[in-house]
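Below sits a lone chain in C-alpha cells, taken as the form predicted alone.
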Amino acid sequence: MKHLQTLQYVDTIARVGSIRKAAETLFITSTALNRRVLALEEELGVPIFERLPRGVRLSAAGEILIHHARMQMADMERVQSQIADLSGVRRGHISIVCGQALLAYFMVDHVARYRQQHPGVTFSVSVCNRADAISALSNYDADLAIVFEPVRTPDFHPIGSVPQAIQAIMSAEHELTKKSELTWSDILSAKLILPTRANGVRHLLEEALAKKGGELNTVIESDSFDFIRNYIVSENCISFQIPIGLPKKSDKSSFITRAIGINAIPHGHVFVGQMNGRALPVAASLFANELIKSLENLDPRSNN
C-alpha cells in the first residue's frame, strides 16, 4: 500500500505540474514530497520528472510510469470494491464523463436512483466533449464515458448505445413552428445559434453541410446549452439538441421543438463506453449495466 501511495503522489504531481502545488493538495510539505520523488527516481535509475523554471513535467520514463501507476490504482479500486461486496455492502466510487446533453436530466435521474439503492457509492460526474471523453478513459480519469457521437479510437470500447434524432429548438413565436418537420432548406434559411465544433450535434450538422452544401447563417456559437436555450427566446434563432438532452414536455416552458427530416441531418448515437481492456470496479460495472438497460428502453427499435 505504501508503494501505491507513492504512485498516487506521482500522479498528483503529474496532474498539477508542480511539486509545491501537489504538496498543498496532498497536505504534506513540498520537501517531504520531493524526497519521495527523488527516492523513486533513484530506485528506477532515471528521472521521472523534468524540472522546469515553473514546475515539472513527466519525462519519457515518467510517462511509462504514470500509465503503470494509473492502472495499479484502478485495479486496487476494483479490488476494494469487490471486497466491499463480500460484506453485502455496496461501496466504491464511480467516475463519469459525459456530454452536456446527458447531464441535466438523464444523468441526474440515474445517479439519484443508484444512490438511493447504494448510498455507500460516491460519484464524480464531469462534462466533457466527444474527443476529451476518450482521453479521460485512457488516462484513468474516468471509469465510464456517456457521449453523443464520440470520437472512435481503439481505446474506446462501446458497451451500449441508442440512436438519437436531432431536433430543432426555437421560441414559440418563430415562424418555423408552423411546420411539423424541418427540411435542409429550412435550416439554411434560419438564423442559427450552434454548439461548438467539439459537440456531437455540431459534428453531424457539419457532416450534413459537407454533403448537401449551402451556407449556415450562424450568428452565435456556445458550449452552454443553458445559454442556447435561454437565448433563442431573445432573438429569432433556432438551435439543435437530441431528445435525451431535452426536458420533459411539461418543463418546456421557454421553447418548443420540431423534428428534422432524416434527409436533412442524419441520426446519431449516444454511447456508453469504457477503456478497452479495462476491468471495471463492481459499482461502476453495475451502474453501466443500468445505463445500458435504460438506453435500450429509449431505443425506438426496441420492442419494449
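When you see a residue number, it is the position in the sequence shown, counting from 1. Computed from a predicted model, the values in this text were never measured in an experiment.
The form predicted together with the DNA exists for this protein as well; it is not shown, and the discussion that follows is about that form.
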Heavy atom distance at most 4.5 Å to the DNA in the predicted bound form, all of Lys178, Leu192 and Arg258 = no
note = Among 23-31, 62-70, 234-242, 268-276, the stretch whose residues bring a heavy atom within 4.5 Å of the DNA in the predicted bound form is 23-31
ask   = Hey, in the predicted bound form, does Arg51 get a heavy atom within 4.5 angstroms of the DNA?
value = yes
Contact flag, Leu58 vs the DNA in the predicted bound form, heavy atom cut 4.5 Å = no
message = Against the DNA in the predicted bound form, would Leu44 count as a contact residue? Criterion: heavy atoms within 4.5 Å.
response = no
key: Leu40 within 4.5 Å of the DNA in the predicted bound form, heavy atoms   = no
query = With the DNA left out of view, which of Leu295, Ile19, Ala288, Val282 would have a heavy atom within 4.5 Å of it in the predicted bound form?
reply = Ile19
